[in-house]
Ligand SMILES: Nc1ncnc2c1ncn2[C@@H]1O[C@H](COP(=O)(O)OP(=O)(O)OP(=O)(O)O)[C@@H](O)[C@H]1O
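Only one chain comes next, encoded as structure tokens, the form predicted on its own.
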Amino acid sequence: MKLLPDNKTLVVERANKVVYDCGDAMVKVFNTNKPAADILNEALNLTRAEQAGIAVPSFRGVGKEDGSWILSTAKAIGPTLRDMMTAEPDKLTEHLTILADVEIDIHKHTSVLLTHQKDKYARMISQVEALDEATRYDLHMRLDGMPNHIKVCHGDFSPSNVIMTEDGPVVCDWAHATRGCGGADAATSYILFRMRGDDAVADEFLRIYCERQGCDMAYVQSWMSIVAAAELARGRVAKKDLLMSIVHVVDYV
């Protein structure tokens, strides 16, 4: 089956992939150096999130064409929440409330089949050469003391990954999904805003998330150092100084 038809339209080009609109499908074409295990893991995460009852673009298939791995999903029709935030800046609080509610809803679902969040973070922390041994040890000890949950966590949850269809929000891009603590997922969303330079938006999102979830900010903030270290493991070179500054915040008041 040909996953990449000739009548494709370029949607976005990233460092490791190109995304095409192929009519009724969205197709990701990955760079030739992208490991097959990563693409297959994303497909598996997507199907497990759907199995857990989350609204996601339905899986179509994985294949290899012209030396590149390809992942195809059904097309969810509608603007992303990022598009809406850009078009209607006066509705920031409304859009961030939607974002928080969608993330909270994801965390209501469970999956024992996804990779365990704490195991993944432990591996990523160990990979960060920029951290000295004492800092890595401290982060591992902090991570070890965190709650053990089996909530579905997206791992890269941002407005760009929420498509507002007529039937409600659909969440895409499940490459980093795990099972674990929702507080860590919310901390990731906060840090993603910070990495865009949207510090005020990050703070407002955190406030809204904690208010809607009914938790203290400290519940999310306790994950900040761990999540920042994990983001360093993803090669966020341009944001190294910001992430290192978050890693070295020992406690939040």
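One-based numbering along the sequence shown. As the structure is a prediction and not an experimental result, all values here were calculated from the model.
Absent from the display: the form predicted in complex with the named molecule. The rest refers to it.
Only one of 111, 115, 73, 135 lies close to the named molecule in the predicted complex, with a heavy atom inside 4.5 Å, and it is 73.
Contact with the named molecule in the predicted complex, judged by any heavy atom within 4.5 Å, is made by just one of 26, 195, 43, 202: 26. Only one of 161-169, 127-135, 178-186, 143-151 places residue heavy atoms within 4.5 angstroms of the named molecule in the predicted complex, namely 161-169. At the 4.5 Å threshold, heavy atoms of residue 173 reach the named molecule in the predicted complex. For residue 17, a non-hydrogen atom is located within 4.5 Å of the named molecule in the predicted complex, even though that partner is not displayed.
Although the partner is absent here, residue 97 lies well away from the named molecule in the predicted complex, with no heavy atom inside 4.5 Å. Taking the partner from the other structure, the named molecule in the predicted complex has no heavy atom within 4.5 Å of any heavy atom of residue 237.
Judged against the named molecule in the predicted complex with a 4.5 angstroms heavy atom cut-off, the residues 4, 32 and 63 are out of contact without exception.
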